[in-house]
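For reference, the chain that follows is the form predicted alone, supplied as structure tokens.
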């Protein structure tokens, strides 16, 4: 393993900016967000997690996926595929695992070339957690605080240095080609291990082997829902979207847009004839919970929640996914 001095991390990212678009955490109005680093942006390493997930950089909230035009009876289509090389620094293990879930969705059946174009051209540098957030419960799903797959490099704070673990050939090439990395010692690895264990001790511990969704508990919580959709928009694993074609009838040109959608939206399941199989809030809420904790596991072998805690922190009605998990285990 290697290590890098904390002061050299920003130097490393400045070097990478010469070849890549670099996305990293910055503090805005006291809160941490990911953004593409530009001149004058100040990297922050002192944070638990970002306010919103990195999902928007891979599956944008709004994107044009193609343009089309008609002339002389012939239709021309141009895809908006991304080939930009990027480095994503500081992504937490829970969010890396969320991307692994989105990978499974994007590669199933008809592949999503727009998501995969960004994903395959992005080098991920994850920052392991050494201090849990108040609402974090990634240890329940084994999606953190440490990481063994999904990223190219993994950084762990060990004081004045970050321990650096390469998980891919691309990550190893980055480390080998930089002057900022030096050889780590056994003591460095021991320090990192202790910090990971201390972080786990401060988090929720649940055995999900006997877990089942308690529908009565979920229905009771659904009555408090305010229809704001923030839980789905802020979730790193939600991927529902809508597609709209816009066309200028005079120029015969148009575009196809993709937008985030939400299963909590009353019109999400509306069909022709105004028939809606989930026209009530309880039904929509129950579907969301079942999708996260049952359907995703049945289909992809993993839960659709990574325990980042964002939905808990941002729910104005105080609805907690962790409470639903506790009740399901208790049952």
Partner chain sequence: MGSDTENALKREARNLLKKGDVDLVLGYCMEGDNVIPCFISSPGEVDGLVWNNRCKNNLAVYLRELEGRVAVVAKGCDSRAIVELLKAKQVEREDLIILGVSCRGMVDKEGEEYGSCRVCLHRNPVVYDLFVGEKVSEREERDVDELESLSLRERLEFWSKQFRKCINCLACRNVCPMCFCEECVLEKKDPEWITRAGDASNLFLLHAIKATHMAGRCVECGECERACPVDIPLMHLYSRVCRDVEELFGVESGMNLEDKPPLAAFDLERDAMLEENEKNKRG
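Please read these numbers as outputs of a predicted model, since none were measured by experiment. Residue numbers count along the first chain shown, from 1.
Note that the form predicted in complex with its partner chain isn't included here; everything after this is about it.
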Subject >> its partner chain contact at residue 29 in the predicted complex, heavy atom, 4.5 Å >> reply: yes
Original post:
Wondering, does residue 51 line up within 4.5 Å of its partner chain in the predicted complex on heavy atoms?
Top reply: yes
**OP:** Determine whether any heavy atom of residue 224 comes within 4.5 Å of a heavy atom of its partner chain in the predicted complex, and answer yes or no.
**Re:** yes
Original post:
Does residue 244 make contact with its partner chain in the predicted complex, using a 4.5 Å heavy atom cut-off?
Top reply: yes
Subject >> Residues 7, 20 and 106 all lining its partner chain in the predicted complex, heavy atom within 4.5 Å >> reply: no
Subject >> Answer option from 200, 228, 167, 175, heavy atom within 4.5 Å of its partner chain in the predicted complex >> reply: 228
Original post:
So which of 233, 155, 211, 141 gets a non-hydrogen atom within 4.5 Å of its partner chain in the predicted complex?
Top reply: 233
Original post:
Exactly one stretch in 68-76, 88-96, 187-195, 253-261 has heavy atoms within 4.5 Å of its partner chain in the predicted complex; which is it?
Top reply: 253-261
Original post:
Out of 130-157, which residues reach within 4.5 Å of its partner chain in the predicted complex, heavy atoms considered?
Top reply: 134, 135
